[in-house]
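Next up: just one chain, as structure tokens, the form predicted on its own.
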């Protein structure tokens, strides 16, 4: 399915992200339990992160996307990072995806790893997007965006200029990094429109259910914690169940407000927890 079909007037796209399970968690076979739970929430599509830290020998992302498409009949998006891949590596991955009938890619730079020397064929996601569009124009390309700015950008204006370049290179759909203050997203969306970015922008929502988890995520992506959420974390940090319930409720309220303000879509970072995704999507199901 061409993902363009999922976005239109009066339609809210609700989608999910999963990641390949580690071998210690059962490997790829463990994904069936996750997907069995997630299929019940009827997502518009499911994205799968690039497995094993970007290890080319790991086919799990492609394999899981094939399972999502063929067994569960849900459109998949395969994450693809480029910083630690050569052009030959990317060619091989594109061939694997094409053979599997996976036609949607989330094109990413990928994280810098101090223990891995970059391959130097690609430095930015925009270069990967241009390369895919030239090499295999049949792929639908999504890209990432950062409502509070990429951690490595000097400021948000510069980051949005870079985002516009990604769209000009061929990105047709954007998925935002997680955020916890909807006003940050609305301001970002307005700035994107002013720059002429007119592709669908899905809001990335992560229902983090532990204080350590949320602090770890914001340290990685640069998101801020608003005072209302900070109060919940401090109030319930010694009560794991209450904290999980409070954070899920916070995510639900975020989503309701986003839908009321005409968001193009919601992309839920599930952390492979179908029960959490089900609670959230059931709460907003009537709003699709």
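Numbering follows the first chain given and starts at 1. All figures in this text were calculated on a predicted structure; none of them were measured in a lab.
Keep in mind that the form predicted together with a small molecule is not shown, yet the notes after this line are about it.
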* Should residue 109 be counted as a contact of the small molecule in the model of the complex, where contact means heavy atoms within 4.5 Å? -> yes
* Asked: So in the model of the complex, does any heavy atom of residue 173 sit within 4.5 Å of the small molecule?
  -> no
* Heavy atom of residue 145 within 4.5 Å of the small molecule in the model of the complex -> yes
* Asked: At the 4.5 Å heavy atom threshold, is residue 159 in contact with the small molecule in the model of the complex?
  -> yes
* Asked: Okay, which stretch from 78-86, 193-201, 210-218, 94-102 lines the small molecule in the model of the complex, with non-hydrogen atoms inside 4.5 Å?
  -> 78-86
* Can you pick the one in 126, 132, 205, 74 that has a heavy atom within 4.5 Å of the small molecule in the model of the complex? -> 126
